[in-house]
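In C-alpha cells, the next block holds one chain alone, the form predicted on its own.
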C-alpha cells in the first residue's frame, strides 16, 4: 500500500474558490494561474524545508468580509498620532483613515490611475513565491501610497492591517504599493493585528520603489493572535543615492513567514535590514531575506535577533548577492538567537554569494543561551532570577529596536517587547 505525502487539497481548493469569486482582472487571472501551478509548498521544497504549512493546507478558508467597521475599537493597535491608513480584512476602512496630509497621496479603488495599475506587480513579481501569486489572485483592492518629491512627512505614516476572526477560518489579502519620489523622507510603520477569536490567514504583499536621494524607514510589526497564520512578501527597489532602513518585528502569530527582498538598483545606496523575533509557546517564525547588490559603492547592514522560549521555532535564511559590477560593496550580516528553553529550535542559514573582487563582506550566526556570568552578576545585586533573565533578554532584543529613528514607534515597540517578555 502506498502512502501519499502530498498536502491535502482542502486549503488549496478553498483559496482558489476565493479568487474565482472576484471580478476578473489580468492581475488576478495571472496570479490564479501561477498559484494553481505551484500549489501550497511542503517541507520537500527547499525554501520551506523547516516550516510546515500542513495546517494551512488542511483548513477550509472563506474570504474575510468586515461589517460595522465604524464600531471597531482600534485604539489599542495604533502607535503614532499622524497620517493613518487602516485596512480591515484587506480593504480600506475610510472611517478610520486620517489622510489629507501635504505630500502624501493615497489612492485605491476607482481612484487608482492606469499608471498605478501598471505599477502594481511590477516590483513584486506575481510568481515570486506561491503566496505572491495567491495575493495577486485574491486581493480585493490594492492601495497606492505616494510620497511627493521633496516631501518630509512627520510623524510616522501608520498602516494598520486588521483581520477579524470569526466562527469560520477567514483569509485576508492586503496589497500595498509604496512610491517614494526623489528627496522624500518618511517613516512608514505597518502593523498587523487580529480582533476576535478564531483561525485567520493573512497573505500580504507590500512592494515599492525608493527614488534617488529619498530616505525611507519601513517598520513591519506582527501582532496577530496565536491562532493567526501570516505569510507576507515585502519587495522594494532602491534607486541611486537613496537610503532605506527596514525593521521586521515579530511578536504575535501562530505561524509567520516573512519574505523580504531588496534590490539595490543604483550606486551610493545605503540599506539596513534588521529584525527582532520574540516567540514562545508553539509559535513559529520563518524569515527569508534577500539583498541584491548590482551596482558599485553601496553598503548594507543586516542584524536579526531571535528570542525563543518553550517549544517556539524560528528560521532565518539570509541571502546576499554581490553581482559582478558591484565593486566597493560593503555588506555585513549577523544573525543571533537566544534559546530560553531546551525545546526551542533555531534554524539559521546565512548565504553570501560574491561575484565581484573589490568588496568587504561578512556574515555570521550564533545560537546560545543567556550568559551565566551576566546572570550571576545581576543576582549578586539582589535581583531575582526571573527579573534578571528578563533584563538580559530585553537588552539583547532592544539593541535592534534602538536603531529605529522615529521615537514614538521605537518607544512603543520597546514597551511591547517588555510586555511580550513578561507573558
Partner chain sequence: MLQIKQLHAGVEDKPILKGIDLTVRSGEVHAIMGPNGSGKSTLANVLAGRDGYDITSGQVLFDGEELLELDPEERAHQGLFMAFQYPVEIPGVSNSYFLRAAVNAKRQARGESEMDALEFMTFIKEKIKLLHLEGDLLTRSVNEGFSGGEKKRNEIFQMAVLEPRLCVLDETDSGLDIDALKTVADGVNALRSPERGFLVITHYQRLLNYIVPDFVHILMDGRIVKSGGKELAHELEAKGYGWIEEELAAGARG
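Residue numbers count along the first chain shown, from 1. Just so it is clear, the structure is predicted and the values come from calculations on it, not from any experiment.
Although not depicted, the form predicted together with the partner chain is the subject of the following passage.
- Stretch 375 to 383 is the answer when you ask which of 46 to 54, 375 to 383, 66 to 74, 360 to 368 has residues with heavy atoms within 4.5 Å of the partner chain in the predicted bound form.
- Think of it this way: in the predicted bound form, the partner chain has a heavy atom of just one of 27, 392, 354, 62 within 4.5 Å, and the residue is 392.
- Interface residue remark: residue 399 is counted as part of the site for the partner chain in the predicted bound form, having a heavy atom within 4.5 Å.
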